[in-house]
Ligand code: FAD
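Form predicted alone, single chain, as structure tokens, below.
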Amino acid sequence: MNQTFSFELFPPKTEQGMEKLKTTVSRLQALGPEYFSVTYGAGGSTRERTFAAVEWLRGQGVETAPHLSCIGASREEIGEILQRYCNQGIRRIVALRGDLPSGAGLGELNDFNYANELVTFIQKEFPGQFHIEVAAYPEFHPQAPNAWQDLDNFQRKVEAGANGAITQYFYNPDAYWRFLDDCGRRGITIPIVPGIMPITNYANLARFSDACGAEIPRWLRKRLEAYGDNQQAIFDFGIEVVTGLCRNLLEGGAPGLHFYTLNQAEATLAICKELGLGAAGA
């Protein structure tokens, strides 16, 4: 099986941030990834910055997969964005529902309520134009009523025409393998690529994980807490732990890895070097 890897970026807010992104992309592009994805803020809040980052990447000849969230957007708006991407030669989209605005409920936010509706729209209006990635949650979406309904939601996205999936990050590989088993029993066969979050700052990671429902196992939390403010020790230990996780996933047959880089190159480069991926392993 041909295992692939890819990197996620977020659109910078400042010119300085954009310069940093360009440096990061240059360093990571040397590894020969399949593509870079670019996030899209809640309710399209970073839309123009996303467009700017995507335009720069495409101008450099970099394979790019923009995220597209549909909550709060009309069919016309989504159609215009997709046509824009078609015109730029983009052939991969990460199709997401997006976060609900504070206080809002489903059914009152324009034409789309769920990611499967966005996938259906893309396949109908732009048939065969995009490879569509969707999100998967081995530890289950924090807003899902229960595990089985979350799997139902994922299956609807697949049946709507998703070509592949990228998971929320996790540090317990058993969650991923169990998720694949559950999908297999439902006849889901699309590639489900593990999302990988390097560990570089424990306080930030803990805050983000609590918000998005990703579990940091107790043994890992306690080890990271014990390092206190020793950022270099946290970085080194994080490389060791995440490299081990990636090796477990690749050796077990995962179709690839998708790194959440947070626009930083160092940790991802170090992990790829340990794994022997791309030029980093040369």
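Throughout, we count residues from 1 along the sequence that is shown. Everything quoted here is computed from the prediction, not taken from an experiment.
Here the subject shifts to the form predicted together with this ligand, a form of this protein not shown in this document.
Shown without its partner, this chain lists Ile199, Ala135, Ile190, Ala73 as candidates; in the model of the complex, only Ala135 has a non-hydrogen atom within 4.5 angstroms of this ligand. Comparing 145 to 153, 178 to 186, 123 to 131, 73 to 81 against this ligand in the model of the complex, the single stretch with non-hydrogen atoms within 4.5 angstroms of it is 145 to 153. Of the heavy atoms in Arg49, none are within 4.5 Å of this ligand in the model of the complex. This ligand in the model of the complex comes within 4.5 Å of a heavy atom belonging to Thr39. In the model of the complex, this ligand sits within 4.5 Å of a heavy atom belonging to Gln168. By the criterion of a heavy atom within 4.5 Å, Asn116 is counted among the residues contacting this ligand in the model of the complex.
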